[in-house]
Every structure is written in C-alpha cells, then in structure tokens.
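Given next, in structure tokens, is a single chain: the form predicted alone.
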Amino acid sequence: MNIGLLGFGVVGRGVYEITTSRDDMQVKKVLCLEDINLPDAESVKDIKCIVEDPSIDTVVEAMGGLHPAYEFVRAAIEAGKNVVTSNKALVCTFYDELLPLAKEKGVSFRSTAAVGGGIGWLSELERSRRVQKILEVGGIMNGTCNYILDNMTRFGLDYAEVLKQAQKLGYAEANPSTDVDGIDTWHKVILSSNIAFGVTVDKQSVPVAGIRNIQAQDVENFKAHGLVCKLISTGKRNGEGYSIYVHPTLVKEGDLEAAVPMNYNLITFVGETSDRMSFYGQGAGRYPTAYNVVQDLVDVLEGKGFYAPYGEKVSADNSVELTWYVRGNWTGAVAENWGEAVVTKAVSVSDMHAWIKENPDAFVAAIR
C-alpha cells in the first residue's frame, strides 16, 4: 500500500511513525504547508501531487476541519483512491455524499478513529450489527469535557480554573467551544447512530447542550444527592423511530460512567443479544488515534469498506420525557428545589432543548 498523507500534525505524524515499521504500507507523499524533510517520503504542497499520482492507492486525511479536507477527500475518491480519515466532522457532515460516492467508485472508506480516538468503537459496531440489532449507542465521547467535569467533581474547582488547566495540558483548544458546547460529541453520536442503526440521521434534528455554564455550586448540589455530572450522548431505537441527543447527565455515584477519570471515554452499545457492552480508553492523543488509523489501513488492505450500508434519511424523535436539574429562569412544573436550582417534573428532550436555546445562560442536566 502506497499512502498519500494529508496533514502532518499530531495524528498525521503518528500515522507516519507507526507505518515506518511495517513492510505492507508506506507513506510516499505528505501534504503539508510547512517544509518538512523525511527520509522516505516526499513533502508536497499541492493536493494534485497526490490525487494525480497513479502509484498512490490510499489517502489518509489527518488535517481536521471541513475545508479543504472535504474537497481533498472527494478528489481522492473521484481519482479511485481508498480513504481513511479521523475527521468526525467531515464524515458526519458529508455522510450522505461521500459514502455513495465511495461505493460508486469501488473504493474503501474507513473512519474508526473519528469516534473514540484509540478505542475500536466503530469497528466493533460493525462486527456487532452483523449478528444482532443494536438498540442503543452512546456514552462519554469527549475527553476534554470529561477532564473538566472530573476535576470539578474531585477537587471542587470552578469551571474556568479547570478549563485553563486543560488548555495548558493540551486537552482543550484555545477556543474550546467545539468540545465544551458538545459539538464534537454531537458529531460522534450522529455517526455512531448512522452505523449502528443503518440510517442517515438528519443532523438538524439532533439537539445538543454542553457544559459551558456549569458552576462549582452545581457540582456541590450533585454531590449532596449522590450524583455525578457527565456529558453523555444517546442514540436509541424508540419504537419505529430514534431518539438521539447530547446533554449533561447526572448519574449515580456507583454507575460505571461516574468512575471514568480524566480525559478518558466510555462508549456503550446495547444489543438485542449481547445486551450492554462498554468500551473504555483514551479518546484522543497522537498514538491512540494514529493506532486506529493504521488499523483501518490494514482493513483496507483486506478489502473492507465502510461499516454499514448507506441507509435511509431519518429525523430524530425526541419526545421521550426525562426529569431535569435546572439552574436558571425555569417557569415550568417543579418537583424539588435544590438551593438556587430546581428539579423539574417530566419534560420531553425536545421541549427542554428548545427552552435551553431561549435561556443560553442557564445550566441544565438530565437526571438518569
């Protein structure tokens, strides 16, 4: 396998380093805006140098973002090259375009590292759905948010203080909105639901709320009631439809998710036959993520394409009702008062997320 590598940052460099020890694949060219010198690969600045090179059969996209990643990946598929990517935003956003195109061109398309970093989550979903119906997917899918919530819980720190720590350690970007507003998790649960249920979820029908507004007083409230806050995603079969959403969720102190520390992920599926199966590991980082990219390259060598057939377009039905912790100007039905916050009576996911949009300074968490 001869590889054209797009990007030479954290993940791209990791892929290069792992493949140098293998004799069944080699990075031949690296697309990088900076000048780099590699002993066995050519550095190029024009995507045409890769997509128009007949000796390159596989392209690894490790650039991140939507543009120009989308244009480059599409050009690679059009040129008849296999594609492996770790870019969850790319796959989620252009799911209904890139998958049919890859099938039309007869090339493989893999993205295991897009969800769970070093956890082989999507590849395990692929194996599982061959023999059983998947009923539910979700869990803790973002290491940055988990690091923040874990440190606030264990050390009683304020959100802003922990966020600065996360940024110093490289767990959070200078602009952390993609993580703390739940967008990263939103992409991941949509992609996971697509594969688990064999559908194409309308992204706009999936609501998301993040952890930006959580305060130390909220965490103390949770502790007083034996609860722990985590940012949890859910994709669930709901009769003939699907409930899919992302928001902070309060779990009991003894629950599995409550014990997940630092920047780790815990992702779960529930199958008709297997029941609950959970996968734990680092959700980001150079070598954990690059490891799954290389796993995908091995799968491409073995002729494996995408994880599930391209499915019908569906919208999420989030009429399921939950009880909620709300600190903000809540005027609906109240079951309990917790200091400055309240616990609501049952409210549907769709109605609560609509209220969150109208009250952007509030903090809301579902109570499981």
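Only the largest set of C-alpha atoms that superpose within 1.5 Å between the two forms is called the rigid core. Heads up: residue numbers just count along the shown sequence, starting at 1. Quick caveat: nothing in here was measured; it's all calculated off a predicted structure.
Quick note: we don't show the form predicted together with a small molecule, though the next part is all about it.
Please name which of the stretches 241-249, 90-98, 140-148, 269-277 has residues with heavy atoms lying within 4.5 Å of the small molecule in the predicted complex.
Among the listed stretches, the partner-contacting one is 140-148.
May I ask you to state whether residue 283 is within 4.5 Å of the small molecule in the predicted complex, using heavy atom distances?
Judged by the heavy-atom cut-off of 4.5 Å, residue 283 is in contact with the small molecule in the predicted complex.
I'd like to know whether residue 109 contacts the small molecule in the predicted complex, with contact meaning heavy atoms within 4.5 angstroms.
Output for residue 109 is no: heavy atoms all beyond 4.5 Å of the small molecule.
Find out whether any non-hydrogen atom of residue 222 is located within 4.5 angstroms of the small molecule in the predicted complex, and reply yes or no.
Result no; residue 222 lies far from the small molecule in the predicted complex.
Residue 296 versus the small molecule, in the predicted complex: is there a non-hydrogen atom within 4.5 Å?
No, no contact at 4.5 Å.
Considering the small molecule in the predicted complex, which of 158, 255, 173, 78 comes within 4.5 Å of it through any heavy atom?
Filtering the options by heavy-atom distance leaves 173.
Quick check on residue 163: with the core superposed, does its CA move 2 angstroms or more between this form and the one not shown?
Comparing the forms between this form and the one not shown, which are aligned on their rigid core, residue 163 does shift its C-alpha by 2 Å or more.
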